[in-house]
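We begin with a single chain expressed as structure tokens, specifically the form predicted on its own.
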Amino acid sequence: MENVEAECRGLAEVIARIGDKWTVMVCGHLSEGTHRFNALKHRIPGISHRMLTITLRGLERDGLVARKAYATVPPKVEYCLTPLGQSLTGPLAALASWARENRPALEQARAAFDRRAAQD
């Protein structure tokens, strides 16, 4: 039983990382190639400087993103997906495809639920 619980906690951590909306957006953009911090910030609507920093650090810590700093003035830092991060692009693309395909059904189900809840 302890092994099952430990495995569930471990899987929950991984799913929390890869299922985070900012992780999905950052990995999506990095799947197109290497980007600098400001380029990512401008391409991802609504992400703050702080949240992008936190997301990139977490992805780097988990081995999904590589950070390369250049000794230039001003400093230049680039981010790219590692092979492990690249292996995530297929599952994320499949999830995005499922979401696009099923979004109308989800919205209909929510509306029906909300109508029933309002009647009760």
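Numbers for residues come from their place in the sequence shown, where the first is 1. Fair warning: this is a prediction, and the values are worked out from it, not measured in the lab.
Keep in mind that the form predicted together with the DNA is missing from the display, and what follows is about it.
Trainee: Taking 4.5 Å between heavy atoms as the contact cutoff, choose which of 48, 89, 82, 34 touches the DNA in the model of the complex.
Mentor: Looking at the other structure, the residue within range turns out to be 48.
Trainee: Taking 4.5 angstroms as the cut-off for heavy atoms, does residue 77 touch the DNA in the model of the complex?
Mentor: Result yes; residue 77 sits at the interface with the DNA in the model of the complex.
Trainee: Considering non-hydrogen atoms and a 4.5 Å limit, does the DNA approach residue 21 in the model of the complex?
Mentor: Heavy-atom contact with the DNA at 4.5 Å: present for residue 21.
Trainee: Indicate whether the DNA has at least one heavy atom within 4.5 Å of a heavy atom of residue 43 in the model of the complex.
Mentor: Contact check for residue 43: no, nothing within 4.5 Å of the DNA in the model of the complex.
Trainee: Looking at the partner-bound form in the model of the complex, is residue 57 within 4.5 Å of the DNA by any heavy atom?
Mentor: Output for residue 57 is yes: heavy atoms within 4.5 Å of the DNA.
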